[in-house]
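Next up: a single chain in C-alpha cells, the form predicted alone.
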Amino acid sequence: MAGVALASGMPWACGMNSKKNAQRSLGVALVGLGSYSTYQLAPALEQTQYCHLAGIVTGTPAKEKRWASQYGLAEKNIYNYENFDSIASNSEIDIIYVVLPNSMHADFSIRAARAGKHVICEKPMAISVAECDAIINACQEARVRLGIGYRLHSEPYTREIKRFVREHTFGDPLYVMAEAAYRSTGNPDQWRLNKALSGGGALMNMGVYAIQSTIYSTGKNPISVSAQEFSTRPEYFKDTDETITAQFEFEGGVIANIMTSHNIRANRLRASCTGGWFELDPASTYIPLSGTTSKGKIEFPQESQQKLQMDDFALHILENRTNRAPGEMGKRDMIIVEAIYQSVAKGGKKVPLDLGGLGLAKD
C-alpha cells in the first residue's frame, strides 16, 4: 500500500495534540555504536528538532569515553550490555534505537519495551516472522510505540513517489523494476556475511529496500512471488546469499522484478504506468536521491534522511502523528523475505502471499 502507516492512533501513549509537548525533545539512546550509529544516526541527532542523543549502550569501554567526550553524555546515561535493563529507571531516555546485528534485534527491542521505552528497531526488523510478532506483542503489552528504521518513508523523493501513486499522476502502475545492491569486498568474517548474526545475506540487507520500492510504487501488496539465487563468489559468500532476483504479482495484473546483491553495484527504481513513468536513480542511498519522470525532473533540497526519520517518530509519540514505519510494516517485509527464500529453496516455484490483516493503511 502506498505510504503504509498504522491506522490506529494508540491514544494511550504520551500527551496528544499539545503545543507544550511539541516543544519537548525526546532523549534517544543508541544501542550498538557501529558505523551506522557513528556516521549517520549520531550526527543526525545533532540536527533533529524533537529528539536528541541522550545515551548509549556499548560493549566497548573505549567507545564509552570517546562518545561521552564528543557528545557531552552524562556517565549515568552510558550503559553496557550487562546493565542494559537498568535503563528502565532513567527518565532522561525516552526512545531506545536498536542498531545491532539482525539476530539481536528481537532480544533488545523486547527488553527496551519492557523497560518502558519507545522502540526504534533498525531494519530488517528481525530474522523471522515469529520474532517480529514477539517484538510487536512486547511493545503492545508495555504500551510503548514501535518504529522500524525505514528512513526512506520520511525522505522527500520517496514521499513524492507515494504521492504520484496516490494521485494517479501517471495513471495506473503496470510494471516496476527495483534494484538495491552493492559490491562487498571487505572482511569476509564481517557479521553481515555470518548467517547466525545476519539471518541471511543481500536479501535481508539491501533486498528490503527493493521489496518496499515495489510496494510504494504500485500502492499494493504483492500476492505471489517467484525467486532465484545466484552465486559467483562462493569462496567469499560462504554462508549467505550473494544475489537474488524475484518476480512479484499484484492484484490487477501489475508485475514487478527486483534484484538485490552483495556483489553488484545497483540502486534504481523505475515504474511504467498507463500514462507515463517515474524513476529514482539512486533510489535508496544516503546521498541525495535523484528523480526523473515522463513529465520532467524531481528535485528536493538535501536533508539527512535519518534526521527526518527520527523527528517523524518523535512527533508520532509527542503529537500522535502518523507512524510512517510501524512494526507491522517490518513484519510484512519479513513475511515476503521468508516467501522469497522458500521459493529459492523450491527452485523458483511461485509462493502465494497473504498480507491482509496487518493493520496497515494508506499514508
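The first residue of the sequence shown is number 1, and the count goes up from there. Here the structure is a predicted model, which is why all the values come from computation and not from measurement.
Omitted from view is the form predicted in complex with nicotinamide-adenine-dinucleotide, to which the following refers.
Enquirer: Can you check 318 to 326, 28 to 36, 333 to 341, 294 to 302 and let me know which stretch has heavy atoms within 4.5 Å of nicotinamide-adenine-dinucleotide in the predicted complex?
Expert: Comparing against nicotinamide-adenine-dinucleotide in the predicted complex, the contact stretch is 28 to 36.
Enquirer: May I ask you to choose, among Pro173, Gly147, Pro124, Gly207, the residue with a heavy atom within 4.5 Å of nicotinamide-adenine-dinucleotide in the predicted complex?
Expert: The residue in contact is Pro124.
Enquirer: Please pick, from Leu100, Cys273, Ile136, Leu193, the one residue with any non-hydrogen atom lying within 4.5 angstroms of nicotinamide-adenine-dinucleotide in the predicted complex.
Expert: Contact residue from the list: Leu100.
Enquirer: Counting heavy atoms only and using a 4.5 Å cut-off, do Tyr50, Arg166 and Tyr216 all touch nicotinamide-adenine-dinucleotide in the predicted complex?
Expert: Zero of three within 4.5 Å in the predicted complex.
Enquirer: Would you please decide whether Arg66 lies within 4.5 angstroms of nicotinamide-adenine-dinucleotide in the predicted complex, comparing each non-hydrogen atom pair?
Expert: No.
Enquirer: Quick one: is Val129 in contact with nicotinamide-adenine-dinucleotide in the predicted complex, heavy atoms, 4.5 Å cut-off?
Expert: Flag for Val129 set to no.
Enquirer: Would Leu197 count as touching nicotinamide-adenine-dinucleotide in the predicted complex under a 4.5 Å heavy atom rule?
Expert: Although nicotinamide-adenine-dinucleotide is absent here, Leu197 would touch it in the predicted complex, with heavy atoms inside 4.5 Å.
Enquirer: Counting only non-hydrogen atoms and a 4.5 angstroms cut-off, does His262 reach nicotinamide-adenine-dinucleotide in the predicted complex?
Expert: His262: no, not in contact with nicotinamide-adenine-dinucleotide in the predicted complex.
Enquirer: With nicotinamide-adenine-dinucleotide taken in the predicted complex, which residues across 273 to 295 come within 4.5 angstroms through any non-hydrogen atom?
Expert: The one in contact is Tyr286.
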